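Structure 1 and structure 2, given next as structure tokens, are two forms of the same protein chain, each shown alone.
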Structure 1
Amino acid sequence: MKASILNIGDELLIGQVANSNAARTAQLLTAVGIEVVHVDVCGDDADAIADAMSKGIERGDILLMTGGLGPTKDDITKHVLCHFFDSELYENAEALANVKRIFAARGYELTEVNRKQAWVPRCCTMINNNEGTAPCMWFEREGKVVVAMPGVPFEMENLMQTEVVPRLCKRFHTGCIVTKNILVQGIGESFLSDLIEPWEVALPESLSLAYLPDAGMVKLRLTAKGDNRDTLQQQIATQVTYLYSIAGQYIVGEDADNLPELVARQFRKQGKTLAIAESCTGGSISAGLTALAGASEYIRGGVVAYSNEVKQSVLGVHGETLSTHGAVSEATVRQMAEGIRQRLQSDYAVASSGIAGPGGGSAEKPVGTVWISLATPSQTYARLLHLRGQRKQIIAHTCNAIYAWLVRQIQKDCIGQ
């Protein structure tokens, strides 16, 4: 099965936003064994859209489109679809009910412009968009499938996961797919690649491996394609066992999309609580963990101690520690972790203090110098990271280093008990 992606929007052509929809769509298709052969991006221009649609349909069996479905003037995709499929727009009752539901929930009055959101081409199958007012539209012609989705990332993603991908699998009998995520941290992508190359090249035909690197960690995704789910699961289990024997010390966990999921899983399993003291990460460690539902079950809270006064007054870092060693130091970060743990009465606590840049670096402590600390019921540890990249990467890398450390430490401690 071959698919093309067409992302529509002037904002993509002037570079206002990176095209995250293409990456996300491609991930979800690849995961079920549908090969993405091309991505097209064009503006809100009728001829450009129609031309890209023709080419997309030539290239494969499936064309997934996003964007241009909003209520505003510059959104013309629906009209292009009508013309392309020689159809006409009509007001779809279910779509209208959805629009009304959303406006009622928001306590807004339904305007004519918004009512137009419920209009779709007669020849399409309307797929309801629970997250927004722009409906998803499914078209079929000569054995090919064209799906138009809204460009709002979370609406598109929800539609892909709950409706579009399942329907595509059914429509094209993609066979069954078993995937396995393995989260690796503490080794660079290229070193990891060298380390596991012998294993990777020896993988059976039915298995494929994808590297998904993200700020200091790599998500390895094994995908098995075939007819028998049990066989595929057995194949994957066997290969994962081999992988552990080669790279076990770098593996943080399995069956998760990101490290915060593994942190949450461990803390819930062990019934422990966590507190967070952040300087250079500025709230990102907490934000990453609390982005997951149910975080309140194990997170007591956190402190963003940007100023030294706050490090002293709230976290109890000693003034002389700050004046002698500075804010970015082992002594300070240890006191931050111990301070927040005591303050919030948690089992575990983590802390970060570093120079995320672009300013603030020195010869002795260049940008990317980050101290992290982990306080447990029995002792407090500290580590020094030397990170590269821009501010955003340094913050993200620090968060991932702390998440991985937490998972490994709590596992070690609880085995010890």
Structure 2
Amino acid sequence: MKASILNIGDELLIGQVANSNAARTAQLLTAVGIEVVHVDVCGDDADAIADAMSKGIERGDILLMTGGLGPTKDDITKHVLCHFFDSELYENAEALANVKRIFAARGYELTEVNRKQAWVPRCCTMINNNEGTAPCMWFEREGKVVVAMPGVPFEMENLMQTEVVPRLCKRFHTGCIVTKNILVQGIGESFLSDLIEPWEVALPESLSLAYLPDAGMVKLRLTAKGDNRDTLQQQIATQVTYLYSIAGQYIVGEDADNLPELVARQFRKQGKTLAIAESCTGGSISAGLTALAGASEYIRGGVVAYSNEVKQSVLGVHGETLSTHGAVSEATVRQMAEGIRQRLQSDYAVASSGIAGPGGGSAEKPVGTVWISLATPSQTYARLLHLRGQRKQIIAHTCNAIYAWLVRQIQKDCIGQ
């Protein structure tokens, strides 16, 4: 079963809003065995939307659309749908009741403009949107299904999970698609490719491999397609076992989209706590971890110590250390990690201090010179990174290096207990 995704909105074309809907829609479809064959983006233009719809329907059995369902004049998707399916708008009583419910709950007066949210094409099956006023609309023609959903990400995701995906599974025989993520850090993408090439070439035809590089890490995604989920999962498990025998020293973990998820999983599993002292990363280490729900279970807190005065007064870095070795040094970053660990009484602590650029470098310490430290209950470690790229890349690379180090260290410590 094949599907196309069409995301509508001028804000997507000009980069004002990131198109997160495409990724999330594709994830939810893939999870139930529906293959996404194309993703398209177009602005709020009637001809462009109609053309994209025609092409999307030609490519597969399902077209999922988001955006352009609001009550303002620039939201024209419903009018395009009416023209496309030779229908007309009418006020749907159930949709109107939903709009009234939401406005009453928010204490707002229902205006005539907002009442138009309840108008839908007469030929569609209206699906109420419990999280918002724009309803979801389901169309069928010649065995093909077109679904139009609101562009607000959390509204779209709720509709996909509770209504659209279950209806698609009931309407079509979806088969199975099983995916497996393996997170690798400490080796570049090209070197990794060379290392695992014999394994990759020998993969069964039912399995495919994708390389998804990020700053200082690579996510390998194995995808299996077939009719029996248990068989596909066993095929993937066999291949992952073989992969460990080749590249195990670089594998940080599995079944996660990013390294912060692995950090959170390990710390919560082991019941350990973490404190964070940051200089050059400016809070990015903490932000990556606290973006995940449940971070309060293991993160004690953090400090962004940009100035030497804060490094001394808050983290306890010695003035002599700073004057002798400088802020970007092994001695300083060690004392940052030890200081935050002691002050916040955590099991583990990490620290970063470096030159992210674009200025501030020297012949002795060029841009990309970064020291990171990890303090454990028994020992403090430090590592020197020589990084390349723009400021954002250097910061992201530093964060990923620290995340991977944390996962490996806590695993090592727990095995040794």
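Heads up, when I say rigid core I mean the largest set of C-alphas that superpose within 1.5 Å between the two forms. Residue positions are counted from 1 along structure 1's sequence. All values derive from a computational prediction rather than experimental measurement.
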Legend entry - Form predicted on its own - which displayed structure it is: 2
Inset, instruction - Would you kindly determine whether N128 and L262 are assigned to the same rigid part between the two structures? - result: no
Inset, instruction - Measure from C-alpha superpositions the angle of the smaller rigid part's turn against the larger one between the two structures and state it in degrees. - result: 8
Inset, instruction - Enter the rigid core superposed C-alpha shift of P121 between the two structures, rounded to one decimal in Å. - result: 4.0
